[in-house]
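The chain below stands alone and is given as structure tokens, in the form predicted on its own.
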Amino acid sequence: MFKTIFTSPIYSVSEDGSGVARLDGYTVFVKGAVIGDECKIEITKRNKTYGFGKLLEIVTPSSSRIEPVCPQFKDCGGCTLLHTDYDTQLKIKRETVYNALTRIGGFENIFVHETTPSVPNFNYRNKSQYPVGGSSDNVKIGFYAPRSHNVINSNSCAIENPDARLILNAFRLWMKKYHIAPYNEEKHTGTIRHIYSRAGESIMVVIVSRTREIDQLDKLKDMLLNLGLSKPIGGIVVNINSQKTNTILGKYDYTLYGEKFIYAQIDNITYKVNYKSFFQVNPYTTNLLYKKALELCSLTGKETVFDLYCGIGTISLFLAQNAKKVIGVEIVPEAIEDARENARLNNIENVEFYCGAAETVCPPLIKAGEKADVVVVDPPRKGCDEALLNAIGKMKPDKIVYVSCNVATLARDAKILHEKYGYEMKEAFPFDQFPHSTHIECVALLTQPICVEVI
């Protein structure tokens, strides 16, 4: 018989940042609890093997509990670990990686290194994105309330680039002053749907609008160009999304000012980044992450490296500095165009980019004589397609360096490569790409077992 109210320590943290309590072996997830807290909890929802609880009282606070620096911590739901001290966050993330690789992947002798911290761990995001809602008289720009599409005004954010706050306030002032209607998702009316900014060597501002024509755009442009930002604005783009959809960007756009791209620097490589392109949001940790991937490849200048899911060539160009040749494969045509442009921009000639699904592109290349000494993969959160894992296994590279933003799919994919093709994973390196959230980036090395012939 379940108790409705009980007291329990918080043993760990779930994927969404909830504390994990237990009642006679039954797991209960508790929002707002910190690992190490002793809490009084009321069970509010029960499933067969787990339930959800409301935090009634912190009986004994954890030594890891701190006061969140953001006043909108409870409303936003973005920085789910902001009430936990940073050292503990890093330990939680290391434990997350270890648990996934042992429980999902089945790797028994895996060594997970300490999580590499982000320095700084506040104001680190180079991209800020905001939904727009409310009315002409009460414009709301900020974030969606958890599990809804109700827009809540954002007055502060501890992790965004400080320039993004000035840009947001300029939009709010412009819309209010000139009665620019925010988008109404239910009625599919209004104008401004989203705004976002991205910072590199300069700053890109993107306006997502339901309509092509927007009143008083010149006034907005003047306001943005005179904000006194820490870096110049390199481009202001209007993206038109006239569809009734949750997808943020539409197919069509035009430039209000400057270009549709900015330049960004990682170590000694310069990247041309289109406003639609994927690019890591934490430039500080990304540099360390890519250097670790390069280190794990152990390149001597004689190897051919296949970089699968290469995007705009971010990792490919890093690898090309130490490899004989790099072959990048990406399914998005625009990303491949950017990758080739980035190679030209950096005068890197020992890299080739191919557009298509890697599992389709790679076999003909191998048949034509290309040998994959090392394979690097950096897939989206869903991980690698199993057909791609089979293609990699048949290439028989000496090393596979797996860069992951979802350790659960890393563990799943590594298990397939181990069970079907004999690849071993001995160590993994977590990187705190997203401080104060539960998200974790990880780099792992898989190697072929050394076979010793007995005579």
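Note that residue numbering follows the sequence shown and begins at 1. Worth saying up front: this structure is predicted, and the values here are computed from it rather than measured.
Not pictured, yet referred to below: the form predicted together with S-adenosyl-L-homocysteine (SAH).
- Interface membership of residue 107, defined by any non-hydrogen atom within 4.5 Å of S-adenosyl-L-homocysteine (SAH) in the model of the complex, is ruled out.
- Residue contact check for residue 315: one or more of its heavy atoms lie within 4.5 Å of S-adenosyl-L-homocysteine (SAH) in the model of the complex.
- Looking at residue 129, you'd find every heavy atom of it more than 4.5 angstroms from S-adenosyl-L-homocysteine (SAH) in the model of the complex.
- In the model of the complex, S-adenosyl-L-homocysteine (SAH) sits within 4.5 Å of a heavy atom belonging to residue 311.
- The chain is drawn here without S-adenosyl-L-homocysteine (SAH); in the model of the complex, the stretch among 278 to 286, 114 to 122, 78 to 86, 249 to 257 whose residues come within 4.5 Å of it by any heavy atom is 278 to 286.
- The candidate spot formed by 290, 358 and 378 lies fully in contact with S-adenosyl-L-homocysteine (SAH) in the model of the complex, as each residue has a heavy atom within 4.5 Å of it.
- Only one of 141, 214, 92, 332 comes within 4.5 Å of S-adenosyl-L-homocysteine (SAH) in the model of the complex through a heavy atom, and that residue is 332.
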